[in-house]
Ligand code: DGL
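Here you get one chain, nothing else, as structure tokens; it is the form predicted alone.
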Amino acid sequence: MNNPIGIFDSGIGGISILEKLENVLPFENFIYLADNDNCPYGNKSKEEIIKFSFKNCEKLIELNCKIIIVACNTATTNSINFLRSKISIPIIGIEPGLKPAIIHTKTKNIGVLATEQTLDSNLFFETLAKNKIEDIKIHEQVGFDLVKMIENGETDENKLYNILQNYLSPMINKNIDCLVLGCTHYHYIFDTIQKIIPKNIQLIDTITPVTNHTINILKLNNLINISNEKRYVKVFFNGNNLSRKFIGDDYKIRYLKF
């Protein structure tokens, strides 16, 4: 089935998932929506996030997508249940990354860097309730302004380093040995984060589980593309502009009203 796989995020964060999926699914077509007109989602109300997410899904369905990946932690944690109740095609979200951290931690201290709405969401609390062991402590930090900086291409190393050091140092001092990056945008500042945290702290990958789950859903629903036609990858945005700072030159980016 050569219908495209639909992906959306509030901006360029989910491009990291698109890149991974491109590599492991070389025959699939993709349509990516960057809702940067409403970016960031992290400081919006739950009602707004649901509205934006549903609107994005409607556009992807209009574009004949066969499955939809919610490539945004904030959108997943706040809207995934609503989307699945309203939309008939498979909807794949991003797990908060807490379960693998709980499995791997030895110091019983886990750090989470995420948006405010992700940390306050019902899904985040439900995941904690299902997986948290009583003696494990979760240390949370809101990544204020990080998404906005990344979207604007503001990657001055010294400024970014200082901001991240202020966010991460309190968690490092709490003896964390796992750090969950609860926002796809943070993938683009991965190297700076690694410069700050000690080598014994494991960064939890939330992209690979999404990729594996997508492959399983495609197989389960007989949606794997077996066409020999040249595949396409389309990236659309709806704001004034989309920074190409972290986007490969091979992507064709176009404006689309949605």
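Sequential numbering from 1, following the sequence displayed. Predicted, not measured: the structure shown is a model, and the values here were computed from it.
Quick note: we don't show the form predicted in complex with ligand DGL, though the next part is all about it.
Among heavy atoms of Tyr41, some come within 4.5 Å of ligand DGL in the predicted bound form. Though the partner is left out of this view, Ile176 does not reach within 4.5 Å of ligand DGL in the predicted bound form, counting heavy atoms only. By the criterion of a heavy atom within 4.5 Å, Thr115 is counted among the residues contacting ligand DGL in the predicted bound form.
Proximity of Ile91 to ligand DGL in the predicted bound form: non-hydrogen atoms within 4.5 Å are absent; the residue sits far from the partner. Picking from 159 to 167, 67 to 75, 103 to 111, 121 to 129 the stretch near ligand DGL in the predicted bound form, with a 4.5 Å limit on heavy atoms, gives 67 to 75. Residues of 183 to 218 placing a heavy atom within 4.5 Å of ligand DGL in the predicted bound form, in sequence order: Cys183, Thr184, His185.
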